[in-house]
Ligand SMILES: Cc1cc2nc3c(=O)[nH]c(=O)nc-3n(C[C@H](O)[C@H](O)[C@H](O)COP(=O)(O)O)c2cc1C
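The chain below stands alone, shown as structure tokens; this is the form predicted alone.
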């Protein structure tokens, strides 16, 4: 038995180590601690897909994570929570498993996913330290969002997952933790029906905010010249045509303290962010954490809108990230005025949405309707939400077209002497690492 621990919580560490020692006394443990690394999350640079297939562009521990993950029988991620999502440092660890998947597409549990680079990936246990005590209604929202993300993470790796949320100030239930570890050791990769839709009952429904100006549109991506920024600029141009003043802030080129100041000066806020691994990117979570620590996240009853987009066509793959932003609004006293999702946005490639043509027609329609709602002081309408979420192509056709492009790229790489199907970490023990025995 080989186990990878992604350790982002000192408070939960002793109980986890004791349970692992009891349940798997002979296991080899590879540990990566969030407080001992100094790298950000995935940069979505595609190097691990094409230039060095299966190997992260970042050297050192960032690269080790994919190796440990590919060779593990079980992966345990331990983290605190930020609006129901893993904290930024823990999410950064998780994002570096990307090299274990292949750029090719498959249908899995009714959705489009990247196929695996390896025959199988480890079972998953996600243990989270809640920001709220037992019985607090906010803890129920956290638990629903985090448990849903755990299931979606398992869907991405085509494996089995379990989650455990520990109330603030409490130690994990050792019996429950041991039972989950034993169950995961016996589980085979998950199969079955489509994942159920995310449900977080009790979060405020969108409501009309009234007319407030100016509008600040925050492109909250961890990538330069991002699709989030392209969407933000297009929306700002549209709201200007509708008579609403709008400013765009790019989180990649604006310091967090300046971002916080501009948020505080705004009349209303529209956050546009991608989803990486079915949650907000580590860089976006880190920005929200920094804003909360500095006071720049205070809503003071002002309206907050959001759009979360994904390279996959199905809206379900953005649901947990959008729920995190909706929960963030509740936590920091924003008036939730509606959220949107959009899929298949990788085709934008940082360009103006109009230049992207056919593939952004539904997104442009949804944004135009949303801009009219903003200018009129309304919550985002269901008509705008449905329009933006409508995929430009059916899932099967999107997968077919994507695989045609992937196969063309594979032929080019093979001609250049690169194996795009490489499995650099298939053989256990081929490289040394930060391992110890319990």
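Positions refer to the first chain, counted from 1. From a predicted model like this one, the values you see are computed outputs, not experimental measurements.
Below: the form predicted together with the named molecule, not depicted.
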Residue 312 versus the named molecule, in the model of the complex: is there a non-hydrogen atom within 4.5 Å?
yes
Residue 42: touches the named molecule in the model of the complex, heavy atom cutoff 4.5 angstroms: yes
Answer for residue 303 alone: is it within 4.5 Å of the named molecule in the model of the complex, judged on heavy atom distances?
no
Subject >> Contact of residue 90 with the named molecule in the model of the complex (heavy atom, 4.5 Å) >> reply: no
Answer key: of 178, 346, 213, 254, within 4.5 Å of the named molecule in the model of the complex (heavy atoms) is 346
The one option of 156, 163, 143, 259 with any heavy atom within 4.5 Å of the named molecule in the model of the complex is 156
TL;DR on 291 to 299, 169 to 177, 220 to 228, 362 to 370: the one with heavy atoms within 4.5 Å of the named molecule in the model of the complex is 220 to 228
Those residues of 125 to 154 with a non-hydrogen atom no more than 4.5 Å from the named molecule in the model of the complex are none
